[in-house]
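Quick heads-up: it's one chain on its own, the form predicted alone, in structure tokens.
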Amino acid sequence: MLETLQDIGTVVWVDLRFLRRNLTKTMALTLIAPVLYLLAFGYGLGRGTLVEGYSYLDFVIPGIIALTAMTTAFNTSGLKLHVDRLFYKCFDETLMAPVSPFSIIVGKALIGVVRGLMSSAAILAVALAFSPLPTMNLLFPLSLVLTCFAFSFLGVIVALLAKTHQDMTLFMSLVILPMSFLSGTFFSLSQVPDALIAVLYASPLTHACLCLRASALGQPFPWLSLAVLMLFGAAFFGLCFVALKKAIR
């Protein structure tokens, strides 16, 4: 067990050093889009509007945090690994090291989790300056950590399977971008036609939004969504091993 933890630390240490050297630029770039969403949708268009009995600003803040966690975790773990594997070719050194596939996958995903949590905490601090949320319990950080892990593992999968830079861009355009706007981040699912509900609930971000919003606003907590989010994380984790085997061939 101790050896596995040391191997994971060895894998993630290189990425942590890169993050530390570029921390200011990284955080600035990460916060631009969420703050713009917060100003435009929450404080601008939604001012004075009620959704599910809450002000739209309170309603949209958990969705923006979920969106921030998804994009940051996916981009950090996925794009960094993708560039290292195809451009710098330094991922081959990791594969040749006496480190288990488990340690490689968890180590490469952890940097996405770390950045996802940092960015989410930063945008939460900014959001609370606009509108203090009614309530927040321990299920909020739990849901946030699960969200970061799930999308970090997804980023590792795509980075290992992508054969070109265009493949990575295509996945982000066809999957990540639509998921960002169609998972209840900016609107209530009660407003969606019944024919589309099943499609929206197939998105892990939908369940992340439901969990974060319920724990932040004092709504009844959707335990089923938390379980589904955990299942997505476990499934993505398992698929990472399949992708790693294909990448080694």
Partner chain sequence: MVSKYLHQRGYWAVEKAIEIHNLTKRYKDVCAVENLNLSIENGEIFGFLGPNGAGKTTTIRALTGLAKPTSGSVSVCGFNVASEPEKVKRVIGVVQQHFTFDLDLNLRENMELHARLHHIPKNIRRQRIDELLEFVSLTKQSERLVEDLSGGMKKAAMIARALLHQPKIIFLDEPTVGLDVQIRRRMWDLIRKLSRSGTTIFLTTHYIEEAEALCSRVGIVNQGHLIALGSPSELRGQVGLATVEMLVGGEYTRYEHFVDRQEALAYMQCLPSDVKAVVRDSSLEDVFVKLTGKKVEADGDA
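Numbering follows the first chain given and starts at 1. These figures come from a predicted structure and were not determined experimentally.
Below, we turn to the form predicted in complex with its partner chain, even though it does not appear here.
Though its partner chain is absent from this view, in the predicted bound form it lies within 4.5 Å of a heavy atom of just one residue from A97, L142, V175, L86, which is A97. Its partner chain in the predicted bound form comes within 4.5 Å of no heavy atom belonging to M230.
Contact check for R21: a non-hydrogen atom falls within 4.5 Å of its partner chain in the predicted bound form. Although the partner is absent here, C90 is a contact residue: one of its heavy atoms lies within 4.5 angstroms of its partner chain in the predicted bound form. Although the partner is absent here, F241 lies well away from its partner chain in the predicted bound form, with no heavy atom inside 4.5 Å. Shown here without its partner, the chain carries T10, W13 and I248, all of which come within 4.5 Å of its partner chain in the predicted bound form through at least one heavy atom.
Heavy atoms within 4.5 Å of its partner chain in the predicted bound form map, among the stretches 78 to 86, 151 to 159, 166 to 174, 112 to 120, onto 78 to 86 alone.
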